[in-house]
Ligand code: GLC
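Here we start with a single chain on its own, the form predicted alone, put down as structure tokens.
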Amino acid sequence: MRVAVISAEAVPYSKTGGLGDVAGALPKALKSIGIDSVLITPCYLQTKGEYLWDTAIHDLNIDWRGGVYRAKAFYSEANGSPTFLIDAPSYFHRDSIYGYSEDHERFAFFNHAAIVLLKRIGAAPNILHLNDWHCGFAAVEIAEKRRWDPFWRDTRTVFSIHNMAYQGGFSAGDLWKFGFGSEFARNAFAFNGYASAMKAGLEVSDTLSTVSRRYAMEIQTVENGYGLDWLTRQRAHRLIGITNGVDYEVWNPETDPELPEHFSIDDLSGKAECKRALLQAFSLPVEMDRPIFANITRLTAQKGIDLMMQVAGEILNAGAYVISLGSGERRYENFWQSLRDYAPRQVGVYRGYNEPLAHLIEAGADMFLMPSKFEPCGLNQMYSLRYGTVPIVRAVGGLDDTVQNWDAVSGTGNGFKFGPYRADRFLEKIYEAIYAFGDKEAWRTIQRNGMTQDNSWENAARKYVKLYEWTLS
């Protein structure tokens, strides 16, 4: 089976969020279980030169908008899998990856260039795995090409939704510029008087997936479908949820180079040293019996920061530490800074993102807070489970799939989760976690339950292979 993964971002070449993690890790995981996989992604200004091993194709000439765009493609295996990076400076050499008025044109070009490239580098893929609205254009182009181009006749498309809230809307008048002049294409993109690349991908792809079982159900509701819930319900028989995996070569407390001491499920003594180092990193008193509540996130309303603002005072009153890493909306940044100013001996704040510090927080914290309004999959709760840090989450999306509520009677569960988006329900789980933390035997059981859970990418990749086989059948 040949699989081509197409994505607007992929680690380590580019990343703004979870899409980059998934697209970078999945091809590597597929390769590890014997699947012939290739990744195609843009070469951005932000892509480090050390990742560009070779210029594989100098003359990637793309018929585009009535002319020829002269692009090229770099080759790399920096992510552990064969990768081609399409280099088109006028589209991708910019100060940021997204945020431009012609983003729809940039990714329409990328999709078309990826399809041209695939025809240059070998046999047609059996599966074209497309990701988010940026790749809705390829879904339509392949659906049309299958009608008249024998090269693509046996290729099938899988379209993965990572975040339904972003739909790639643009003026329907631009469709003809990108080669989508047929009635079939216009109908595929048509949505409420304009064109939507997300809608096109959902409508014409052979099968659909999203990044957790719970989110697959949620996007069929008015609340989380963002106007396309009718279409996801209509295609529910072709939609499944597969929870993202974790790259255990990167996130492994037994080998993580960012940690001062390593630890394992059988010997957690190193975790205590990581907690000590974490408190020292934020110049907090080293009092090991006090629990550390941590959060690593973009500071946006989606991530439940409003709930954290309402419960932070109660956490401090309980004598615990609070540590926050992230940046985002100014009002949230100001809140965390004011909390730090109010309780400098209990609160640690780092604005921005720091990868080594993120690893230390995951290893050194006792609890991890993720009270998201919605969370298609989430990765930090899975990092936390791996590192023996107990997650406290809202039961949405992938958080609901990966975190099981602690039951002291049966000794089952790996964390704490609540349902309604309410501060009092969130606080109940925080108090339950503090109580369990005081029982060393119970706490050790919760940690063990989490650390034994298999959230590896290899496990996820095998589920994707079953999806591909189902798609081809």
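From 1 onward, residues are counted along the sequence shown. Nothing here was measured: the structure is a model prediction, and the numbers come from that model.
There is another form of this protein, the form predicted together with this ligand, and it is not shown here; the text below is about that form.
Within 4.5 Å of this ligand in the predicted complex, a heavy atom is found for none of 323, 360 and 364. Taking the partner from the other structure, this ligand in the predicted complex has a heavy atom within 4.5 Å of a heavy atom of residue 18. Using a 4.5 Å cutoff between non-hydrogen atoms, residue 244 counts as a contact of this ligand in the predicted complex. Not displayed here, this ligand is approached by residue 22 to within 4.5 Å at the level of heavy atoms in the predicted complex.
Contact annotation for residue 379: at least one heavy atom lies within 4.5 Å of this ligand in the predicted complex. Of the listed positions (72, 235, 298, 186), a single one reaches within 4.5 angstroms of this ligand by any non-hydrogen atom in the predicted complex, namely 298.
In summary, among the residues 162, 214, 199, 275, the only one with a non-hydrogen atom within 4.5 Å of this ligand in the predicted complex is 162. Contact annotation: this ligand lies within 4.5 Å of heavy atoms from the stretch 299 to 307 in the predicted complex, the single such stretch among 299 to 307, 313 to 321, 151 to 159, 168 to 176.
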